[in-house]
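Take a look at this one chain, the form predicted alone, written out in structure tokens.
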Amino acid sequence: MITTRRHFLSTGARAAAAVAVAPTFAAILQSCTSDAPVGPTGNWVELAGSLQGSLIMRDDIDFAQLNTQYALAYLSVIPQAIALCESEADVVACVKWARRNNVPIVARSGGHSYAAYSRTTGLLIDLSQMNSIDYDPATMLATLEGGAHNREVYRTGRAASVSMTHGRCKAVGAAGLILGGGIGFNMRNKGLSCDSLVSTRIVLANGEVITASATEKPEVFWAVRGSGGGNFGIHTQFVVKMFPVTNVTWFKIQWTSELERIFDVFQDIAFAAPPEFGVKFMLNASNENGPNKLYIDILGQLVGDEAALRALLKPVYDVAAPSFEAMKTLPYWDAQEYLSEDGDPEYVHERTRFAFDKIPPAGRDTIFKYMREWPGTSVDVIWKYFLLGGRIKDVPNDATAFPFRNATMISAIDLEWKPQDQTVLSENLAWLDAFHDAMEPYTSRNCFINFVDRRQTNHLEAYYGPHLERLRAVKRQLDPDNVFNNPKSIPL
């Protein structure tokens, strides 16, 4: 079985892999040997001279190694230059220079936009070198630079025995995570990532820097918590409230029989589970052991011991014994090493829908039908859900821009392929679209902006829901020329 962010290593191998950290864009740059870089010419010379960091031009030898991202399918959009910013002043200089020279801009932190919207044909403003985190134990506030990634959150959290609601992929930028709402195994117990945000600094399209918080520009603060990145400006700093961590029991369990019954019984368990239970449910189709062989995985954590977890899962164990089981009670950050991965680049397309109740039997049958009819690639495919509820719903739906707090789950179809699958790709994408459409009656028309989707047609309703007009008003205030935009961003 191929090991990607969808497929998890064995316990021993995963622990060994935990010591390996994927390089940042800055680390890639440091490893390059540019004996004779081309360097900037024309108007670009002015920009290069104003930066503390480096300006890498399209013809420079380092460019190809830096011009990367998570979604490999969209590498055809190539910037003219990449600015590796070292400070907020560098970001301001980039924005002002680009406006004067009529060059389009986009910011990149982790480069994990599923639709590759952290790309441009103009100037790519890369914040990955601005990745420090300063934690104050007296206030439990962590100040993250705009280019900090989950890996830095892990490192800081482990040292101080604290956490926030973070993602599984270490290479994901905290900026995109927080701005889109932010999900993780802590969310049912501690809220979304954006719920921990105390303040943020934003470079606007005119080069002005503002701070947004509950007391300073509160309407902007409302808007940036859940509407997604790339809408209002470039965020250079986030202050978040951390929480102390203790032991958790992590688990990965798999079933290969009685799958429809497992689906139903586990859904009943999940919906009745306490907020301390965080889980990702996966129905997988694999061609490894025969055409479209299906199996179920669950992955997650419980703030509690192994006995409590086994008691919670007993009804599903009574349906069928698992074909694989791994669980262990560990200190929080040790457990995360069994739940996380690096988040390396892939050929992938993911389509999501929020559900506001359980998936009914007709919806379950639709899921199994499409999974059994999957055309097939050289990699597995997954229908999955991330369990919501718990303390996410404690925050009023209009308190932040995240519009779907009453949802019970985020469902997703996760299609991955390899370059050798090009001959079957169009058939697989047609299957993906049909499956996505077929699930609307059993879920909703609403979708998750952190997993932004180029193929989503009703994107204004899907991503922004009832908050669209209020977000438009903030957009007109902060970015009246629509400098920060992508095909799914907030329109004027």
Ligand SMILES: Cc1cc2nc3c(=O)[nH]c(=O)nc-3n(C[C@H](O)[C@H](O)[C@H](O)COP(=O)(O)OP(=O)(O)OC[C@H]3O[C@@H](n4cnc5c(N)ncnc54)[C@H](O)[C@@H]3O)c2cc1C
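Note that residue numbering follows the sequence shown and begins at 1. Everything numeric in this text was worked out from a predicted model, so none of it was measured.
Another form, the form predicted together with the named molecule, is not on view; read the next lines as being about it.
In the predicted bound form, the named molecule lies farther than 4.5 Å from every heavy atom of Pro79. Remark: Tyr114 counts among the residues lining the named molecule in the predicted bound form, judged by a heavy atom distance of 4.5 Å or less.
In the predicted bound form, no heavy atom of Asn428 sits within 4.5 Å of the named molecule. Not displayed here, the named molecule is approached by Gln69 to within 4.5 Å at the level of heavy atoms in the predicted bound form. Look at 256 to 264, 390 to 398, 370 to 378, 222 to 230: in the predicted bound form, residues with non-hydrogen atoms within 4.5 angstroms of the named molecule sit in 222 to 230. Of the residues Ala407, Ala212, Val95, Ile183, just one reaches the named molecule in the predicted bound form with a heavy atom at 4.5 Å or closer; this is Ile183. None of Val153, Ala175, Leu302, Ile296 but one reaches within 4.5 angstroms of the named molecule in the predicted bound form through a heavy atom, and that residue is Ala175. In the predicted bound form, the named molecule lies within 4.5 angstroms of at least one heavy atom of each of the following residues of 106 to 139: Val106, Ala107, Arg108, Ser109, Gly110, Gly111, His112, Ser113, Tyr114, Tyr117, Ser118, Leu127, in sequence order.
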